[in-house]
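First comes one chain, alone, set out as structure tokens in the form predicted alone.
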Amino acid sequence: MKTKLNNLPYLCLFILASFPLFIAAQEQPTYLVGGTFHIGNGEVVSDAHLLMMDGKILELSTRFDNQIKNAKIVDVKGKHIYPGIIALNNIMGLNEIDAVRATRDYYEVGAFNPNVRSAIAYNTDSKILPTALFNGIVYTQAVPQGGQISGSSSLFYTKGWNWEDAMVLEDDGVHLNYPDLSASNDAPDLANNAQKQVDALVLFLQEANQFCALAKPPVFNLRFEAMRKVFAGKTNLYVHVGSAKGMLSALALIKDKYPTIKLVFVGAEEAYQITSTLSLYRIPVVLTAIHRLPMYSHEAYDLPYQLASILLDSGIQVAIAQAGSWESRNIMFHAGTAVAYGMDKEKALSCITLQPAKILGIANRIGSLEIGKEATIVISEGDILDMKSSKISTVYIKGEQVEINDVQQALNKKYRQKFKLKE
């Protein structure tokens, strides 16, 4: 009995080794031949081939010359090939059922929680993630909520064994909910409360900056320590703010006083009012609601649909996102709406692939179908931005094909069999 117990750890290791992780290393070089490749940087290459090897894109050319004898050849003629879509600013993996408190793990009590990390809370067993993957969303930024400073987000694959396995970029930035400064003189209580929040934020930033200026602070403070990389410009400070007044205030109180901080405005519904300022400061914008009504009655009904194009034409870096959990699975169709209202189709694609990667600071790794980058690829039988024609047939993560069936497809199959319905 003693011998058997001593061998138990080796038995456990053997069992674990027998089950591969969801994101496995690419075993065989693969050619995708004959499709239309949407690079993600604005370029389109038709009737080309792409070689994936060791999880990387090794070649993309219009001339196919199979020099690798053991390579797998996949015919993609008539299909469209895209980089994996990146969904910024959502709570996929942190939220399952809105009405069930035990399935919500995105909110912490308190006003200033930069030390809170979404990384360890990401649930790879979520039923929402396969639905997003089925639409071509391969990466998701899990963002904590609540308070003035919510915490730190991380970027994950939408498929993985656990949060460590799914991790793409850990602690990519801290999220700040800027006080609403749009209250008028008719609402003095709201205005006073907003000003109190601004004052509290200013004090917190001053104290955190002084703490981080010390190599070895005499008293350790976890909240201040979590801001160290932000002040050093190594991670982003995502400022969730909608009004032009709020954005200008954030620039004056944060960017002007701490120029090393890398600001990203999230939401930014009134960004069209201050395009010259945003362009001057080179502040990227993450739009979180293309499918919405205008903020004010005097705004054009289609302003939300045109906003991404307006900002791009002004020289502002733009990513298209959608807050929430289930809602985030349709961000490619939000980009498609921007196309319908004047944006170039490949620029719209870039707003959900390469531009988010640039904002995250990992455009050298993901975001486009360029040589040397990660071979994370989505193949569609139609236009991925068009709800009517988009039909994802295959997804590769780091060169390895992954299953994209979700619970909705399983239910569809189940009830078709029950009622003997044809496909």
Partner chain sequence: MRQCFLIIFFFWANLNFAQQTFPTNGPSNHQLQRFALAHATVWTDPEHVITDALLLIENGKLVYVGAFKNVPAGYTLIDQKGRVVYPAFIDLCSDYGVKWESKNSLRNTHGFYSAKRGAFHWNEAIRAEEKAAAYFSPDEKQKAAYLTAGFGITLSAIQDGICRGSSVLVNTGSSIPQEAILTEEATMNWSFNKGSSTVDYPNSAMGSVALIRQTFYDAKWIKTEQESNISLTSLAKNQYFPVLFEAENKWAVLRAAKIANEFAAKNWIIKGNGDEYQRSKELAAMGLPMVIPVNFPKPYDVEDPFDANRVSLADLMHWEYAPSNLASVNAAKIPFSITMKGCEDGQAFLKNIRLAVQQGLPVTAALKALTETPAKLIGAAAICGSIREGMPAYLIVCDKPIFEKEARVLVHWNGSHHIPVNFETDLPVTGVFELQSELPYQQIQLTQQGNKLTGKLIGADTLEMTVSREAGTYQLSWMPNKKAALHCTMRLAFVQQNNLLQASGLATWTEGRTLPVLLKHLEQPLAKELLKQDSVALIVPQIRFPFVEFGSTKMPESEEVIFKGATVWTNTSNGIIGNHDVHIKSGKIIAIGKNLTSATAKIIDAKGLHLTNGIIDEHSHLAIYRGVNECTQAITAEVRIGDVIQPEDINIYRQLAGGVIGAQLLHGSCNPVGGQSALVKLRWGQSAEEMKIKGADGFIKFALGENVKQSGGGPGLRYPQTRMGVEQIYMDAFNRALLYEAELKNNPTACRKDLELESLLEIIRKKRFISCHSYVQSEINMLMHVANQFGFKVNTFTHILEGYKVADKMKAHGVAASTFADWWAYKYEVMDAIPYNGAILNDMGVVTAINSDDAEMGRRLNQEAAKMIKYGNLSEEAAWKMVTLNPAKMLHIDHLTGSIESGKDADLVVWNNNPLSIYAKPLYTFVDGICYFSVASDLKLRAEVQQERNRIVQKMIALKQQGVKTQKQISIQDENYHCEDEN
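Positions refer to the first chain, counted from 1. This structure is a prediction, so every number in the text was calculated from the model and none was measured.
In what follows, reference is made to the form predicted together with the partner chain, a form of this protein that is not presented.
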| item | value |
| --- | --- |
| Interface membership of S390, the partner chain in the model of the complex, 4.5 Å heavy atom rule | yes |
| Heavy atom of L385 within 4.5 Å of the partner chain in the model of the complex | yes |
| Distance check, D171 to the partner chain in the model of the complex, heavy atom within 4.5 Å | no |
| The partner chain contact in the model of the complex: Q401, any heavy atom under 4.5 Å | no |
| Joint contact, N209, K255 and E370 to the partner chain in the model of the complex, by non-hydrogen atom at 4.5 Å | no |
| Which of 163-171, 92-100, 200-208, 149-157 sits within 4.5 Å of the partner chain in the model of the complex, heavy atom basis | 92-100 |
| Of Y106, F333, F224, Y122, the one that lies within 4.5 Å of the partner chain in the model of the complex (heavy atoms) | F333 |
| Option touching the partner chain, based on a heavy atom within 4.5 Å in the model of the complex, out of G315, G233, P294, P217 | P294 |
| Contact set, 233-267 vs the partner chain in the model of the complex - heavy atom within 4.5 angstroms | A244, K245, L248 |
